[in-house]
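Listed next as structure tokens is one chain, alone, in the form predicted alone.
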């Protein structure tokens, strides 16, 4: 199908896409954003559309997948309650906290590289399993398995006090936190 024909047929579907998006989202503003995103994705994937098949069904599938992908990610973006934030941001300078953070950092360093990478991407980096799988070049199930095994291994290492301190053990808790976050940044790229 030529680009002009695809563009014309896609434009004819705008009211249908908006109605379907409104049905899924429940509000006009989010629905319009979702419909626009679906149209953009459909346009970018126009080479994969097979002429003679149902363009409306194809674009509705794109819209539905975009909606559910956003729903899976949205639980991480809850609005911050000011009262909870105020209570959370109080620092008590407990020396045990510093030791726990250092222990966690050193325990993470003892994990096998594939497990450490998956755990840092999902845990510290805040990426979804899908995003971590793309970065690591493996299946989503593999990332889920690696994260699960890493969490179990960390629990054993920390519970049995097998952390062991290396030459970096004299760093502060802030530096340990920064080190974990730097690992996440290095894995996710610029």
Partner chain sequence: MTESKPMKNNMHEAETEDSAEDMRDRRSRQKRIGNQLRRLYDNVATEPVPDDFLKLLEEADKKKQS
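Residue numbers count along the first chain shown, from 1. What you see is a predicted model; the values in this text were computed from it and never measured.
Form predicted together with the partner chain: not shown, discussed below.
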Query raised in the report: With the partner left out of view, is residue 46 within 4.5 angstroms of the partner chain in the predicted complex by any non-hydrogen atom?
Result: yes
Query raised in the report: Using 4.5 Å between non-hydrogen atoms, is residue 39 touching the partner chain in the predicted complex?
Result: yes
Query raised in the report: residue 69 near the partner chain in the predicted complex, any heavy atom under 4.5 Å?
Result: no
**Report entry** 4.5 angstroms heavy atom contact with the partner chain in the predicted complex for residue 58
**Finding:** no
Report summary line: Checked 11-36 against the partner chain in the predicted complex; residues with a heavy atom within 4.5 Å, sequence order, are 11, 14, 15, 16, 18, 19, 20, 22, 23, 32, 35, 36
